[in-house]
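Consider the single chain below, provided in structure tokens and representing the form predicted on its own.
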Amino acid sequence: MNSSKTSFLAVRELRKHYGSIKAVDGISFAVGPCEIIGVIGPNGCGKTTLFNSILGQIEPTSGSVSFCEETITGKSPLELSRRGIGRTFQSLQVFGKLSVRDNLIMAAQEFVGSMPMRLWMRPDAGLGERADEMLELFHLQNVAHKEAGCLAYGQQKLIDVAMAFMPAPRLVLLDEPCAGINASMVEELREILQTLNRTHGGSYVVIEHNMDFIMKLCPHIICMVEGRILAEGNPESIRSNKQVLEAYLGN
């Protein structure tokens, strides 16, 4: 994809090397307004390293990242969050002893005024209405007041994703959101993400191994192999690409 197009996110020749190991090796792509892009590839091809290099978890070896025309290379995850960039991780990031609703409120409190102001606000920091909206959208109303850690893994995964969207980010990077959840919940999550994209706007980049999910959700897909982009295009072109089939899909 041409990284010079009008975009929320532009990644240009990004590299992350560990000695002779080229985990990410010259990746360029752009994400436009309200666009959903999928990133696929075999384990170890550099997908999560790419996310971590974009989002400030690790420092890239070279290359640049910009968001809304501003260079963000090397900025901390907190700085990027405050600019409207969210993410999920492969592992769950929920607070097990808090209720589902309080998890959502916690995820957005950092973005509500100053610390002294938050101390004097209502217990929900004025975020109750937003939390209730997310609970309904993610079909979590019935467990809103249960401890998150007592719920099934699939429900905790929904909470985790809902937390990323709670601050109303403009860009969200989701790292394997379908990992460990059953087929019916995978379909539910896809519908939720499409609804969020349609009704709330925002752009998403999604790493995922579930090919049915990624093909239905993402109009544009990037396939990575050995730290580089092997192919990119719409789902049909990726599905029929012989190099992709040989390198990743296996048939």
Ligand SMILES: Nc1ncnc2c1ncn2[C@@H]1O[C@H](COP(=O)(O)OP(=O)(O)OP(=O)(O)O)[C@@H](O)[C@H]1O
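Since this is a predicted model, take the numbers as computed values, not measurements. In case it trips you up, residue 1 is the first one in the sequence shown, and so on.
Below: the form predicted together with the named molecule, not depicted.
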| item | value |
| --- | --- |
| In the predicted bound form, the residue from Ala10, Ile238, Ala23, Leu14 that sits within 4.5 Å of the named molecule by heavy atoms | Ala23 |
| Residue among Asn142, Gln90, Thr71, Ser76 with a heavy atom within 4.5 Å of the named molecule in the predicted bound form | Gln90 |
| 4.5 Å heavy atom contact, Gly44 and the named molecule in the predicted bound form | yes |
| Partner proximity in the predicted bound form: Ser64 to the named molecule, non-hydrogen atom cutoff 4.5 Å | no |
| 4.5 angstroms heavy atom contact with the named molecule in the predicted bound form for His220 | no |
| 4.5 Å heavy atom contact, Thr48 and the named molecule in the predicted bound form | yes |
| Contact at Phe95, Glu147 and Arg190 by the named molecule in the predicted bound form, all three, heavy atom at most 4.5 Å | no |
| Residue stretch of 48 to 56, 26 to 34, 180 to 188, 197 to 205 approaching the named molecule in the predicted bound form, non-hydrogen atom distance within 4.5 Å | 48 to 56 |
| Residues in 192 to 222 close to the named molecule in the predicted bound form, defined by a heavy atom within 4.5 Å, in order | His209 |
